[in-house]
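As structure tokens, one chain now follows by itself in the form predicted alone.
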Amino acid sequence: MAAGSVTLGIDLGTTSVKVALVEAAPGDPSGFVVLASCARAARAEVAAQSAAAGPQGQEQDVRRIIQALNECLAALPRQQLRKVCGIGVSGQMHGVMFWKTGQGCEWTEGGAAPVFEPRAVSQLVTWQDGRCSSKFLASLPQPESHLSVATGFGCATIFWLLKNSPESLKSYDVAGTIHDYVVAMLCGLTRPLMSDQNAASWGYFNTRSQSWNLEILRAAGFPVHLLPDIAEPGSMAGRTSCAWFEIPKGTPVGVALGDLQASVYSCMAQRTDAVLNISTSVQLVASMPSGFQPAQTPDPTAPVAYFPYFHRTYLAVAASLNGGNVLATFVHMLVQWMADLGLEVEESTVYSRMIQAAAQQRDTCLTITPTVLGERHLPDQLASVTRISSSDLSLGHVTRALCRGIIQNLHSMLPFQQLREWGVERVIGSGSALSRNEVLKQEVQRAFPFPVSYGQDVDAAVGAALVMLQRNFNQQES
């Protein structure tokens, strides 16, 4: 990679937006330096627009997400932004939002810098959305894909809206993930482009033929005009149509990547590495050898799925829905209990105290199965607490058992013995929930008998930037 090349990485996560400015390290063809980074809480959760979605509906306000993105960019050094020669974008997979062609945003002078503000857009229905019941999913046509369709997947959500809220689709003519939207707005695209990484996460996409299941979808009355065009991950989606903050007009922008793949790209130094990412949810990822092809028919009960990576290779992924969000649910419960008792306490205080208490409580007999959100391969499994005794009820015992349960649940999906068979020799830990929780780190090392090292909190943003750095390097080499 050419020294002096600066790229901007953006990650539009479930709970926060992160950005990173990355520069190629001088004298090291594979090295890089993070010049600056910033994270902002999105605080974008809103009530589902369709009453039929009920409490299972999980939606976010796109305007708040873009506001958090603008705040992140405003915090970066202006002189470094002027040097940006590529923008990489990643974000939360599976989710879907809609917008009107040509009316998706409006560019305004935001103080000292031009910014875009969402206009004719829907809310983002996130990957955590639970409105598609097992019965509803069973009524959908069988996909021609190695991946089954679950609630929270873009195509399943569109099917649900078509049946339960068809009028909500009439205002829009395109759809994409939140990160596809950002790329389309930056480049002024009339039709969004989507990498196979994100397309596979929506369902009804065949990774071998690199195409949507159009015949199956049309036969079921699905509005196929909403589906984005497909592009190779690592390719260029377009160039910025306006100056954006201090980034020049005409800067190349990459096709949006899945946050999982971007995180892995920034961490996985060798094929013998496995990557464990714990943020809102949890993913344990191993690289499959070149030439590997998954079975052509989906197995909804399989705990490991195979997602496209780069250059037509695959990642084996145990993706648990229960990660940092479970800890957040526990903290929220404690805060609510104290409020009911007439005591006010900050969630951040509760979180730090409970981790401190668990760090001092090195072991416990208490057992917590933390699947409050079920799992995609076991959608009806809920959480449980067993082996309760009066001596194991302290905050330290319960928090230790909760952190252990998160890791053991993941281990049940993808045991270390399987990783060893695949040739894994080391685990790289990443993600915000893992980076700031010493107890989770202890439980990882207890469950997985491999050397464990840790990446950075902004891994997905860094990974998105590195993909663009690599693209620039390849162009210079050729």
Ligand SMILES: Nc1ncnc2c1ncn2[C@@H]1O[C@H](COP(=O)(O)OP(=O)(O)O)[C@@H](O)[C@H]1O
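Residue numbers here begin at 1 and follow the sequence given. Please read these numbers as outputs of a predicted model, since none were measured by experiment.
There is another form of the same protein, the form predicted together with the named molecule; it is not shown, and what comes next is about it.
Q: Pick from 215 to 223, 289 to 297, 228 to 236, 347 to 355: which stretch has a heavy atom within 4.5 Å of the named molecule in the model of the complex?
A: Selected range: 347 to 355.
Q: Please state whether all three residues Q80, K83 and A243 have a non-hydrogen atom within 4.5 angstroms of the named molecule in the model of the complex.
A: Negative, none of the three is within 4.5 Å.
Q: Is T15 a contact residue for the named molecule in the model of the complex, using a 4.5 Å heavy atom cut-off?
A: It does: once the named molecule is placed as it appears in the model of the complex, T15 has a heavy atom within 4.5 Å of it.
Q: Hey, in the model of the complex, is R436 touching the named molecule, heavy atoms inside 4.5 Å?
A: Yes, R436 lies within 4.5 Å of the named molecule in the model of the complex.
Q: Answer with yes or no whether A328 is in contact with the named molecule in the model of the complex, where contact means some heavy atom within 4.5 Å.
A: Because a heavy atom of A328 falls inside 4.5 Å of the named molecule in the model of the complex, the answer is yes.
Q: Flag T371 as yes or no: does it have a non-hydrogen atom within 4.5 angstroms of any non-hydrogen atom of the named molecule in the model of the complex?
A: No, no contact at 4.5 Å.
Q: Looking at T157, S266, S279, T399, which has any heavy atom no more than 4.5 Å from the named molecule in the model of the complex?
A: After the contact test, the surviving option is S279.
Q: Between the options Q67, S37, Q58, S432, which residue brings a heavy atom to within 4.5 Å of the named molecule in the model of the complex?
A: Going through each option in turn, the one that passes is S432.
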